[in-house]
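Encoded as structure tokens, the following chain is the form predicted alone, with no partner shown.
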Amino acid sequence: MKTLGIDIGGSAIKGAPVDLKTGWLLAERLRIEIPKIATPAATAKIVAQIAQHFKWHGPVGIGFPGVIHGSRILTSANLHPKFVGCDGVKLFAAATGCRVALTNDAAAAALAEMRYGAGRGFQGKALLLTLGTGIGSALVFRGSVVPCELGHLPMRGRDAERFVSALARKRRGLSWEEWGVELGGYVRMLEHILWPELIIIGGGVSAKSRRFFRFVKPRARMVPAKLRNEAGIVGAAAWAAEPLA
């Protein structure tokens, strides 16, 4: 089965058709930057542009960086506040003319990594963190993915992602070692609560894991995402094929 996967991030929207048997992209992904204050309508136009680029008329899976309950978006920390309370499925289906399935972006990445990537075949408790504009998070146990919002846990009186996201490293001018040490403190806090056996680090920064992994020093085994920055696309596509999606 083939499905179009679209990953909405804090700075760009990426999409590509996906072969759900292999998890491979069937075409080069299209990446379109998001204007800083893109409204839901403007974002939907970009999503439609991606569908049109691939001449797509089938099912579309979309990962969104916020809490999703059914078809409704409940939070939008790094995107326009008008997304809060929005019916995302209705919004994106109207824009694309396609059947749309909507899920949290980190949950999509976790689904992809456990099915096709770094967690394939693992049946224990795994924690996936996507480090980008913010921090996406999902917990997986025996194949069941639970979206979390662990990037918003308090750290020095603010959301943790303000200090240890990939964007925060650049904004604060931290070296890889400095950032890795701070990220390690955050990861150990999560380990005290969740006790994962495997930690998967995703997002574009996962391609540079050798530069900071040795400074994190987690208790659990920690690995970079195998699908790297494509995990959200692949997982969103897979979600669109789920029976309950």
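Note that residue numbering follows the sequence shown and begins at 1. Small disclaimer: the values here were computed from a predicted structure and weren't measured.
Form predicted together with a small molecule: not shown, discussed below.
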query: The single option of L139, A77, L91, A118 touching the small molecule in the predicted bound form, heavy atom within 4.5 Å; finding: A77
query: Distance check, R72 to the small molecule in the predicted bound form, heavy atom within 4.5 Å; finding: no
query: The small molecule contact in the predicted bound form: G66, any heavy atom under 4.5 Å; finding: yes
query: Non-hydrogen atom contact I135 with the small molecule in the predicted bound form at 4.5 angstroms; finding: yes
query: Contact test in the predicted bound form: H152 vs the small molecule, heavy atoms, 4.5 Å; finding: yes
query: Location of the small molecule contact in the predicted bound form, chosen stretch of 91 to 99, 109 to 117, 77 to 85, 167 to 175 [non-hydrogen atom, 4.5 Å]; finding: 77 to 85
